[in-house]
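Presented below, as structure tokens, is a lone chain in the form predicted alone.
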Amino acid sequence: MATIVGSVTTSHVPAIGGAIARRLQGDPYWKPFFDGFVPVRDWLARVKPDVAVVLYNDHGLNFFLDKMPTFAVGAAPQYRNADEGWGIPVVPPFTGEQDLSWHLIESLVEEEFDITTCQEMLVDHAFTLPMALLWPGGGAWPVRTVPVAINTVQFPLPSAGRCYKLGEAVGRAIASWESDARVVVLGTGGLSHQLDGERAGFINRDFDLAFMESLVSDPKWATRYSIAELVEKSGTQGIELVMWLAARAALPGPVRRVHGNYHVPISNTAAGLLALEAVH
């Protein structure tokens, strides 16, 4: 059966793409953020995943407010990126792992998750930037991919508890996939930030750090809060933390912290990074 090697959760702010394009990784503003990825890249080079299952939220490139699935899974042979209007260079397409996609879809439906199956799918910065941060260079991607989109844009949103259960089901599906592939689960978004309204620019460092620690020691901690309470604590867009929850939930049993980094701010966002290794 397939092996889950661990998870990586990280922010996906569009400005990261601009910094990569302008080669600003050593700039004093960006350096503390980009330096955080070096130990995680080293870990990925050691554990050598073949497939990345990417839990992320779409920002209108593939879905819009008139049609916004709660959960969607890609089942395409290839996933292309397109211009979203941020001025971020378009990256090479990603190869899909269709066998795992269909196994995941069938497993989730069997577990009574009502998902949208996407046999054609575009992927936006929430997918592409974390991939570029973990596997830089701009050449062919070294892993095959399965996109899993979670709605954090159009209310009603799935609860933190529901997203955690989705992650658990994803983990079970990967573990039952008849393959010798090694799989890493990525969760992208957050951490605390709010882009609009009276609290624009809101960042909650104390909550972010408590949340990151909980993923190691008490992973269901954030599920105690409603979506409204999590928005209050992390900001309107900070609710993207549910992707971190789902990625952590995909790892059964105890985990080992490989590396973590927290830097404020990147653009107007609290940028977090956490790599966890499954303890088999």
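Small disclaimer: the values here were computed from a predicted structure and weren't measured. All residue numbers are counted from 1 along the displayed sequence.
In what follows, reference is made to the form predicted in complex with 3,4-dihydroxybenzoic acid, a form of this protein that is not presented.
S.K.: Looking at 113-121, 140-148, 87-95, 188-196, which lies within 4.5 angstroms of 3,4-dihydroxybenzoic acid in the model of the complex, counting heavy atoms?
M.R.: One stretch meets the cut-off, namely 188-196.
S.K.: Does 3,4-dihydroxybenzoic acid come within 4.5 Å of any heavy atom of P14 in the model of the complex?
M.R.: The answer is yes: P14 has a heavy atom within 4.5 Å of 3,4-dihydroxybenzoic acid.
S.K.: Do I266 and 3,4-dihydroxybenzoic acid share at least one heavy atom pair within 4.5 Å in the model of the complex?
M.R.: Residue-level check for I266: yes, a contact with 3,4-dihydroxybenzoic acid.
S.K.: With heavy atoms only and a cut-off of 4.5 Å, decide whether H59 touches 3,4-dihydroxybenzoic acid in the model of the complex.
M.R.: The answer is yes: H59 has a heavy atom within 4.5 Å of 3,4-dihydroxybenzoic acid.
S.K.: Let me know which residues along 98-123 have a heavy atom within 4.5 Å of 3,4-dihydroxybenzoic acid in the model of the complex, or say none if there are none.
M.R.: None of them.
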